[in-house]
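There is one chain below, alone, in structure tokens, taken in the form predicted alone.
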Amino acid sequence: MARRSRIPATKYPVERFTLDNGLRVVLTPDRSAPVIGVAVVYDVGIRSEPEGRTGFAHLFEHLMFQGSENLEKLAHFRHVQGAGGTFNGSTHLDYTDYFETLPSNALERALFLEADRMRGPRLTEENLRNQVDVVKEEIRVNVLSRPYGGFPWLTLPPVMFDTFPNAHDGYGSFDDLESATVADAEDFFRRYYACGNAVLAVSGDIDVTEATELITRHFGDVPARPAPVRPDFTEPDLTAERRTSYTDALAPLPAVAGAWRVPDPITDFAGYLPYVVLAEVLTDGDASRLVERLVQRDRSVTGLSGYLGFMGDPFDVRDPTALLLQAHLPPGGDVDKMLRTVDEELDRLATDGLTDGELARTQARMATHLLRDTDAVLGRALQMAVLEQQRGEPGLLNDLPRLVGDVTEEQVRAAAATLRPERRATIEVIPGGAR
């Protein structure tokens, strides 16, 4: 029996309430430093994009920074940076977030800025065309002009999935982006950027009573619109291996990524957690199973990683999702041999179990990462906002390290036994840029 890990717990306080217009609010005070994190999360992401409008969720994220009801273009930037803060936004499979880190005396400023664009961004033809060009350039830089661009988060889903929401290119095609209209943006805003479809989280140096009053003042009169009905994005699991390849003209070395479906992270969290731990057992650190075998002993790969979710987001993604393994190989590397070795190691883990201390070491590292990621007030606000939105449990943040530590060796072995070749989707990168 593997030694169990003793995992420390956090006790971040959580206050929750809902405004009359449907906006859910999460407050987590921490008076240890005069800093606040503010996050607004909307329940719309890449999976919600309509056909013919690939990349629209990300494009709309850009539009939310181009002015709002009472603020001209770039005013958001000026007001946050002028107060000594930082800001950004990001688009995910299942949500889009907007966030700021500021000195605590700028709380009202942040609330005003977020409430103003929740009332309505400036959706003009000029702003749309400008941001289409910005997104296209981002695609050129991050995908088209970069070795392994989009690998595997853009290239593997269409191998694993059959439906448009799960399989399409979340960055978007140039044709779809260029054909977007202001009317499309207005409809997207009305449908998805409703108070009832959003969560506001504030963490850090706040007084709960004062923060509640400020939030009510700034967000309470945002017109109420209900959340849209979320479609069912589920797909059946694979019953036969799917595998494809493509040539990357810029890639100097071969690469491969494989993925297996895992239990629903929302409705079967207890069944999902062992896969999160398994990915780390296999690939986290020099002592992990696959790194020791493939990188150090066999030297059949030069680098290897494993994680849950196509965007590496184990605790903020809905079903369907997957456990991914990706590797880069040396010149002339044998992808088939590498995949056979992975299957062999998974079988060995499922049959023989873990070595003494292997699970405890992995769980301790995972707890360290979880604690570090939410030590900063913004990380706490973002994670709690998503947990509230997807689960109605922002306080789960405090329990995640312990829950990871409660996963047993038997559960990890059982998870490994399900990662069979016939359930795997694989994408291979053939290098075209070796010279």
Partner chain sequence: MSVTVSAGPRALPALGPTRKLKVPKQSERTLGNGLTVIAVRRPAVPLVELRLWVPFGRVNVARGAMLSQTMLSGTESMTSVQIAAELQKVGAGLSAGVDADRLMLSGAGLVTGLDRMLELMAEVLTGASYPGDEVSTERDRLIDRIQVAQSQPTHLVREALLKRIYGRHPYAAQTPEPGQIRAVRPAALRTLHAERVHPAGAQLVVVGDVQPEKALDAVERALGGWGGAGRTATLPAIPPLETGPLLLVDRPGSVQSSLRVALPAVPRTDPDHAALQLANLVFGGYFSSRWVENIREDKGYTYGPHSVIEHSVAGSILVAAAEVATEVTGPALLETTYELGRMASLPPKPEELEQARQYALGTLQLGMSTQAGLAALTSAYAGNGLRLDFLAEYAARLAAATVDDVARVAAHHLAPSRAAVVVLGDAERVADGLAALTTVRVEPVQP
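Given the structure is predicted, the values throughout are model-derived calculations rather than measurements. Numbering follows the first chain given and starts at 1.
Keep in mind the form predicted together with the partner chain is missing from the figure; the text below concerns it.
Asker: Each of Y275, D352 and G395 having a non-hydrogen atom within 4.5 Å of the partner chain in the predicted bound form: is that the case here?
Answerer: Not one of the three qualifies.
Asker: To test your reading of this chain, name the stretch in 328 to 336, 156 to 164, 229 to 237, 266 to 274 whose heavy atoms come within 4.5 Å of the partner chain in the predicted bound form.
Answerer: After filtering at 4.5 Å, what remains is 328 to 336.
Asker: May I ask you to check whether D175 falls inside a 4.5 Å heavy atom distance of the partner chain in the predicted bound form?
Answerer: Contact check for D175: no, nothing within 4.5 Å of the partner chain in the predicted bound form.
Asker: Residue-level contact is defined here as any heavy atom of the residue lying within 4.5 Å of the partner chain in the predicted bound form; does R391 satisfy this criterion?
Answerer: R391: no, not in contact with the partner chain in the predicted bound form.
Asker: Taking heavy atoms and a 4.5 Å cut-off, does G312 contact the partner chain in the predicted bound form?
Answerer: Residue-level check for G312: no, no contact with the partner chain.
Asker: Taking heavy atoms only, is T212 within 4.5 angstroms of the partner chain in the predicted bound form?
Answerer: Outside the cut-off, so no.
Asker: Counting any non-hydrogen atom inside 4.5 Å, which residue from N197, Q131, T321, T96 sits next to the partner chain in the predicted bound form?
Answerer: Residue within 4.5 Å of the partner: Q131.
Asker: Which residues from 175 to 194 come close to the partner chain in the predicted bound form, meaning a heavy atom within 4.5 Å?
Answerer: Residues within 4.5 Å: E186, F189, R190.
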